[in-house]
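In the block that follows, a single chain appears as structure tokens, in the form predicted alone.
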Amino acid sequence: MSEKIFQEAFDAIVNGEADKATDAAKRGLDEGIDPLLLMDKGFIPGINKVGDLFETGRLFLPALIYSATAMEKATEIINAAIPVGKELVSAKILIGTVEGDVHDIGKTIVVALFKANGFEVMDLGRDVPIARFIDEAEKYGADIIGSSTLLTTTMVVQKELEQELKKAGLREKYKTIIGGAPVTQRWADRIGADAYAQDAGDGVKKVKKLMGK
């Protein structure tokens, strides 16, 4: 019976069906399936498949958002059933669009997919000053700081964030990841960021790698 539930969980996420995802989560728990096993064998393979489909152009933005929402709903139910001390969260990520840039559609998708993969995320929104990135990371206890920009004119703010972290003696405390349409791996290397995410799916993979997962 477990295999059937795992398949239903997988299908619900791939098809972006939140009601079916929550139903599979509830029925799996009711049948006594370990919540972590239910996540590892059903839901996580589903969201990983979604990421692969999006990355290869076989699944488009609206479907990605539906799938991410379905995953978030299922994760909420499963997290509530996990014993204290065994939470699924494997990293705390602080993310925002840099000051001077008010674009945040791409970042919003990244946030949704990060949450769907079990990461705890604080979304600072758009037009975020460097000082706020640092202050909020300190308050939040972030493991990773992510910055996004869709404008070539504000890419420099990502560089300035790296520099300010160094000045504050905090650079070694955090892993940093950058993304956005004009951003490249070469830029990440040049400014000293720990990782570059080409898109939301790649961001999940890079964060897992940064956290040694």
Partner chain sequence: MTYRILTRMGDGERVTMSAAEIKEDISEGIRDAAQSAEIPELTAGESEQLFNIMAEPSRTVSVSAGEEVVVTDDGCSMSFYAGQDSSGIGVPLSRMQAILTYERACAADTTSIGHSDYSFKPVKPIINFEMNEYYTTSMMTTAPLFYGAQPNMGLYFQPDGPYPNPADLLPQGKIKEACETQEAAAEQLRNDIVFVGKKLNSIGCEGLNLDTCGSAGDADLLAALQAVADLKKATPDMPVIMGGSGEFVLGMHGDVAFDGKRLAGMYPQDQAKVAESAGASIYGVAINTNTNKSAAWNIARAVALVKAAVAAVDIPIHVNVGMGVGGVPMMEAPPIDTVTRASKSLVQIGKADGL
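Everything quoted here is computed from the prediction, not taken from an experiment. Positions refer to the first chain, counted from 1. Think of the rigid core as the biggest set of C-alphas that the two forms share within 1.5 Å after superposition.
The same protein has a further form, the form predicted together with its partner chain, not shown here; the description that follows concerns it.
Trainee: Looking in the predicted bound form, any heavy atom of Y66 within 4.5 Å of its partner chain?
Mentor: The answer is yes: Y66 has a heavy atom within 4.5 Å of its partner chain.
Trainee: If we define contact as a non-hydrogen atom of the residue within 4.5 angstroms of the partner, is D34 a contact of its partner chain in the predicted bound form?
Mentor: No, D34 sits far enough from its partner chain in the predicted bound form that none of its heavy atoms falls within 4.5 Å.
Trainee: Decide whether L150 counts as a contact residue for its partner chain in the predicted bound form under a heavy atom distance cut-off of 4.5 Å.
Mentor: L150: contacts its partner chain in the predicted bound form.
Trainee: Even though the partner isn't displayed, in the predicted bound form is R58 close enough to its partner chain, meaning a heavy atom within 4.5 Å?
Mentor: Yes.
Trainee: Tell me which of 22 to 30, 58 to 66, 41 to 49, 171 to 179 has residues with heavy atoms within 4.5 angstroms of its partner chain in the predicted bound form?
Mentor: Single hit among the candidates: 58 to 66.
Trainee: Just give me the residues of 172 to 199, first to last, that have a heavy atom within 4.5 Å of its partner chain in the predicted bound form.
Mentor: A181, P182, V183, T184, Q185, R186, Y196, Q198, in sequence order.
Trainee: Taking the rigid core as reference, does the Cα of G180 move 2 Å or more between this form and the one not shown?
Mentor: No, G180 moves less than 2 Å.
Trainee: Please say whether, between this form and the one not shown, the C-alpha of I145 moves by 2 Å or more once the core is aligned.
Mentor: I145 C-alpha, core-superposed: shift of less than 2 Å.
Trainee: Taking the rigid core as reference, does the Cα of K73 move 2 Å or more between this form and the one not shown?
Mentor: Shift at K73: 2 Å or more after core fit.
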